[in-house]
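In C-alpha cells, one chain follows: the form predicted on its own.
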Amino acid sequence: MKIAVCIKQVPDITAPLHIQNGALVFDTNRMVLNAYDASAVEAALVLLENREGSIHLFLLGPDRAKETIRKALAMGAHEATHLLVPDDAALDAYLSASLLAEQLKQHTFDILLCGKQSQDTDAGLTGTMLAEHLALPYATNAVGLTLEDDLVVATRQGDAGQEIMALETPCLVTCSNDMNNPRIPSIKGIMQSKRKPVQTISVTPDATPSTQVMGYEPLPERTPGVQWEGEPLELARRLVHHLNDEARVLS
C-alpha cells in the first residue's frame, strides 16, 4: 500500500505574537509541523502497522521547511518530495492545491492524507481543492480511519454528529487533530531520517493569489458584563425586558 501525505510548515502558534502595522509579528521565528498534518502522518503510520507499504511526504514551502520534512520522516515516513518555492512566494489555498496536484499526478498512491486545515490561516480549503484537481473521492474532518477489505472507512465529524463513509481507492481524506496523538520522534527515528531520500523540485507559481490578506487588527474590546441583584422573579422580568427592549435580541 502506498500512502501520500501532504504536510506544511507553519509558525508556532504557541509563541507570543503581536500586531504591528497590520501584520502579525511573532516574538520567535520558530516554525513547526502543522498539528493537523502531524495527525495525518500518524494516521498513515497506524494504517501501515502490520502491512507492507510506504509513506511519501509532499511539502510545498521555502528552503527552511526542510527541518519540518525531517521531523515527519523521523516519525516514520519513508521518503519525501520538497516542492521548493521562494521565501516571499505568495500562495493561497488554490495555488497550493494546484502546485501539489501537478506533482501528485506524477505519482501513484492508494490514499492521500492531508490535515483538515493549517494553523496559520485555518482556511481548510486546500485538501478539498486538491481532491477536485485529482478527481478523487474524499472525506473531510476525519476523526477515525480504518481499512476494511478494499475500502477506506473514514469517520468524520459533522455539525450534527459523526458520519461514516466508505471510499474506494485512490481517495483523499483530511484529518482532524482529534483523530490521534501524533508520536514524538525517537532518537533512532531522528538519526534514520537523515538517511531517508528527499527529492527537491523548484516550482514557481504561475499566477497571483485569488485571495489576499489585507491586514490584521486586534480584537475589539468586549463590552463589560452587567450584574444584577434581587429576587428571582424580578430578575427574570428585568432580563426579559433587557433582551427584548434594549438589546432587541428577542424581537
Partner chain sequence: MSKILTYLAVQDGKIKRASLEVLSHCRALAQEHGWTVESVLLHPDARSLATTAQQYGAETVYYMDHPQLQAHLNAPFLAALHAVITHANPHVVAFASSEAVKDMLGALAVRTQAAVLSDVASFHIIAGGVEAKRPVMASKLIARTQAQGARVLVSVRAGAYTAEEAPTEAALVPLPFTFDVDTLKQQVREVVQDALGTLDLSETQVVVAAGRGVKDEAGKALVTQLADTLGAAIGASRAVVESGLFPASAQVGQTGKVVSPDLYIAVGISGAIQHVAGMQNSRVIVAINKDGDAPIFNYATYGLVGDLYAVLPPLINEIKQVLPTTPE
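By rigid core we mean the largest C-alpha set that fits within 1.5 Å across both forms. What you see is a predicted model; the values in this text were computed from it and never measured. Numbering follows the first chain given and starts at 1.
We do not show the form predicted together with its partner chain, though everything after this point is about it.
- Within this chain, residue 29 is remote from the site of its partner chain in the predicted bound form, having no heavy atom within 4.5 Å.
- Using a 4.5 angstroms threshold between heavy atoms, residue 81 stays clear of its partner chain in the predicted bound form.
- In the predicted bound form, its partner chain stays beyond 4.5 Å of every heavy atom belonging to residue 102.
- Contact annotation: residue 210 falls within 4.5 Å of its partner chain in the predicted bound form, judged by heavy atom distances.
- Highlighted residues 125, 217 and 243: every one comes within 4.5 Å of its partner chain in the predicted bound form, counting any heavy atom.
- The stretch that touches its partner chain in the predicted bound form, counting heavy atoms within 4.5 Å, is 145-153, out of 107-115, 145-153, 83-91, 70-78.
- Contacts between 176-196 and its partner chain, taken as any heavy atom within 4.5 Å in the predicted bound form, involve 176, 177, 178, 180, 181.
- Core-superposed comparison between this form and the one not shown: the CA of residue 210 stays below a 2 Å shift.
- Relative to the superposed core, residue 15 undergoes a Cα shift smaller than 2 Å between this form and the one not shown.
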